[in-house]
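In the structure tokens that follow, a single protein chain appears in two forms: structure 1, then structure 2.
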Structure 1
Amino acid sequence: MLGIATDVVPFESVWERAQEIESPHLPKEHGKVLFEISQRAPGNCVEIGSWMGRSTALIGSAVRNSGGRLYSIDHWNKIAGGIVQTDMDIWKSWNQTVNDWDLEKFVIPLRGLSHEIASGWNFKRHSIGFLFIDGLHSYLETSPLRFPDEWKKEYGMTGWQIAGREVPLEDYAPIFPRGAKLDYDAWAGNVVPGGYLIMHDVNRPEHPGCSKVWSEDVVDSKLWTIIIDGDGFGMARKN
């Protein structure tokens, strides 16, 4: 542990400030649970899916209060040998958030695919007391990566950068495994007894992949005690 912060910051103050970070899919009630659970996690906190950093700021502030540590996992547009170019540099913006919030000592970024990062993780040395899964919402994909038109427009995708070359979006479609099932299988089994799992966007028809993992691997499993089984938000404690 890094040592409990001398000035403990309450959730309301953190949430008010976090509104400066774009995240339309993380409402206050979900953010409060993330903050409170990560603040008392019996081990390291891991989030899969960080993006612009609102969840990072919330969980990072909580672990700063408690003297814990957060490992934030995201590809931040670095995918299968290339980097997706967008109107905004997401990786730069996330790092700026961490710096602005003075969380550098408490938050460690791990850039890449979660199951690949897990393969090199020492779970005995770095125990997981809290896991938040909010990455790719499909169940399991191995098909060539293609971006929907709405994503291209929303994020201002302009192309790929591969080995220093600019490549049009349509000219590169990498094939690699990805999805919520991989995230769960790589990490959830290593949450310590008494530790917590939260999955976002479950029990929603528009996200059948997340819902399938939550239903089959968590709700129907004897490994977990369900605490919240709501619309868009599930939380369980490891037995």
Structure 2
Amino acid sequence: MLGIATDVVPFESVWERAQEIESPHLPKEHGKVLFEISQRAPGNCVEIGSWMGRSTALIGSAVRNSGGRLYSIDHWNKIAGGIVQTDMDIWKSWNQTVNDWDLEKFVIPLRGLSHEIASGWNFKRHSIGFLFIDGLHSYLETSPLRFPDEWKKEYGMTGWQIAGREVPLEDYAPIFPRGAKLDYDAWAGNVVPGGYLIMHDVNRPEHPGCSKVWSEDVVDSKLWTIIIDGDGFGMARKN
């Protein structure tokens, strides 16, 4: 905890402003829980999957209120050695968000693949009180990654950069072995007892990977007490 005294900003005003930040799917009811739980986290907050910064702005504003800290993990465009071509610079947008919201003192970006960052992380020194997983949504046994047409349009996605050559999205659908599971395995075991885990896009047929990790590793496990087991949103407390 940084212990910096600041004016406390309420959720409603944070949420209203956060609408300006594009997000694949982060509705108000999810945002509210993220905001509230981040202020109560018994340790650092870590988010896996930041995109252009809507969840970062919410969690970042919450830790500014409470004097905590958020580590934001994303590769910001690079996916498992390939690059999804978009006409947007997500890294630039994320930095713009953090800068516009004046969150630099509270939010630390860690650019790379989440499991690689975890391997260099000192979990004793930087304890985790709240982990938000919203990164890769795949799993080994689930289907290859395909982008819905509306995403392609909305985010201007065109193709993958593979070995220096652009391959159209419809010609290539990679499988990221254990995507969501890898994020879970690399980080969740290190959430402190009493700390929180939120997994996004669980219990959704269009995201079988997230749903599988959630049901097998969290709901069916004695490690966690389930607090929310909802449509697209799962929250648990570490026992």
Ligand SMILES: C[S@@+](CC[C@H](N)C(=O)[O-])C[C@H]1O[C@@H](n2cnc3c(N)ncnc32)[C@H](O)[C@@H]1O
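Remember, it's a predicted structure, so these values are computed and weren't measured experimentally. The term rigid core refers to the most C-alpha atoms you can superpose between the two forms while keeping them within 1.5 Å. All residue numbers here refer to structure 1's sequence, counted from 1.
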query	finding
Chain form predicted on its own: structure number out of two	1
Exceeds or equals 2 Å, Cα of residue 169 between structure 1 and structure 2, core fit	yes
Shift of residue 160 between structure 1 and structure 2 at or above 2 Å (CA, core fit)	yes
C-alpha of residue 91 off by 2 Å or more between structure 1 and structure 2 on rigid core	no
Rigid core fit between structure 1 and structure 2: Cα deviation of residue 151 in angstrom	5.8
